[in-house]
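Have a look below at one chain only, the form predicted alone, in structure tokens format.
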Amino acid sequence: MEEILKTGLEAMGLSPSPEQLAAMTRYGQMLMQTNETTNLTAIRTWPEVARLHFLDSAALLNVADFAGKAVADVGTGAGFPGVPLRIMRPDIRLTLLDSVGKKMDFVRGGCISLGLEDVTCLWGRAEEMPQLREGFDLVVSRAVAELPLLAELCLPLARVGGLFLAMKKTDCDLEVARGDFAVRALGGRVREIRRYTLPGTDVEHAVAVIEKVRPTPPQYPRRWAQIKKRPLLG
């Protein structure tokens, strides 16, 4: 796994240290071991974990400047993309959120094992945490919901001038177009869609780069049941 990570990260123009490679390998080992008894991820082989979790997460470092930023990972699941980002950029101030307790238990334990005690791990729903509102330079999320719904969970957390990075499949143009009304209503604007291919694969993914241009109106976010029932579609 360590060699796949090293080769893949270097192909992406990143320069991991031996300590960073060891930390990612250790976290991957913990993930694989825990996944034998607790369903954390459907990705179950070493090459897939290395490429589809770690390299995919690290790809965000080529999309935005993370140096010294306050970062929120909404719906982090088993810690992606947040944990690899924190390993590669030790200077970020990272908050991980997920509504599934067993996943946050794993992520919290994994961060402690790696010595990342300064990472904040929160169990709960992003829309039910008003204390986080407009507190982050970067908000990231991967495979949580379609953009019209996801924007309402994530954009309220970004401060004006910050970015929301929504990780998507490469054929996301229609989804992004459908989400444009919600993005604008929540104080954002779609800047671009960045696409990339994961090294060692033919898998192409995309990131919708959304800029926070004004404060989110106070009536948002709504409760999750309301977001699902009446998404902001114009």
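These figures come from a predicted structure and were not determined experimentally. So that there is no doubt, residue numbering starts at 1 and follows the sequence shown.
Although not depicted, the form predicted in complex with ligand SAH is the subject of the following passage.
Asks: Choose from 90-98, 158-166, 130-138, 111-119 the stretch whose residues reach within 4.5 Å of ligand SAH in the predicted complex, heavy atoms counted.
Replies: Partner-contacting stretch among the options: 90-98.
Asks: If you check Leu147, Leu153, Val83, Ala72 against ligand SAH in the predicted complex, which one has a heavy atom within 4.5 Å?
Replies: Checked against the cut-off, the match is Leu153.
Asks: Using a 4.5 Å cut-off on heavy atoms, which residues of 133-152 contact ligand SAH in the predicted complex?
Replies: Read in sequence order, the residues that approach ligand SAH (within 4.5 Å, in the predicted complex) are Arg142, Ala143, Val144.
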